[in-house]
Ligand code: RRO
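Only one chain comes next, encoded as structure tokens, the form predicted on its own.
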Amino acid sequence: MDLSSVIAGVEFPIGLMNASGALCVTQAELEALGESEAGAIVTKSMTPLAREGNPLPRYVAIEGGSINSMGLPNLGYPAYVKLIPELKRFKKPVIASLAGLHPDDFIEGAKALNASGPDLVEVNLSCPNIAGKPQIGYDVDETAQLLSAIRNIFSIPFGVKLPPYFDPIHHQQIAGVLQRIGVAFVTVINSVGNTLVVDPELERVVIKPKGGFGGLGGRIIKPVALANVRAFWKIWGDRIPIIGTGGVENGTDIFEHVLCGASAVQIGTVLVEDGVGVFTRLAREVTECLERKGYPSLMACRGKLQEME
């Protein structure tokens, strides 16, 4: 079964990879992704300086998914800039995830990454777990300003990781900006921000940062993720590739993302819970799903979702 995909001219041996934030902070974690059946290596969202992140506990698995408020723990731009060329030995695309606490952080990171040679850069406009820092992706004007500045720096293709949108007008507004800027791809969605999980026995929240508020991930957010993938596909078709993220636990979930319009799929919660061996299982399951459906390849079903007459 052909599970390959192409995004912005970059060939992926399998359209399945980790979501930034899931087992991709350290050199050992990134190398484990390289040795796995993942179709790419996606780095942790990086900031100018190394960050410890938010206090523990900051990730908890819950029924149907997970809640987290990680706070962007990462090694800092300089460390990843050195690591990226080394990761090329695994012969699969390397996607650098770029974040920042201030617009200047993104500019500094763009300059550093442009020289280090990742295959793609995913600009994270959607981290919901930094206290006092709003998600840039919800501000159309700020998004336009930031991406315009970044566009003038990058000589390699870059895309954006977006928060979930819940109204068609918001999809239209952000899509217009991204198309005008000329982004190479979009990743949707990041975790559903500012959710709250309660332990009724202890009568308290389950994570420590931000008074218990955190980003929701896993199976429970799949309908939101699929809606965002489909909304952008209906706007762009195949003009701007979409990487679907959210709620993938099995091969059928991958099929649904691609059916809605995704060109590749990222996984987060299931990777954290099951480890890098999960890529082997997911590849087998999506192959079985495609064979059962009669599709010759993963991309053969892209965007084929039917609507009721």
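Predicted, not measured: the structure shown is a model, and the values here were computed from it. From 1 onward, residues are counted along the sequence shown.
What follows is about the form predicted in complex with the named molecule, which we do not show.
Within this chain, Pro73 lines the site of the named molecule in the predicted complex, having a heavy atom no more than 4.5 Å away. Shown alone here, Thr187 lies farther than 4.5 Å from the named molecule in the predicted complex, counting heavy atoms only. Shown alone here, Pro128 lies within 4.5 Å of the named molecule in the predicted complex, counting heavy atoms only.
Although the partner is absent here, Gln266 lies well away from the named molecule in the predicted complex, with no heavy atom inside 4.5 Å.
Taken together, the three residues Lys44, Ser69 and Ser191 all lie with some non-hydrogen atom within 4.5 angstroms of the named molecule in the predicted complex. Listed stretches are 32-40, 61-69, 251-259, 267-275; the contact stretch with the named molecule in the predicted complex is 61-69, by a heavy atom cutoff of 4.5 Å.
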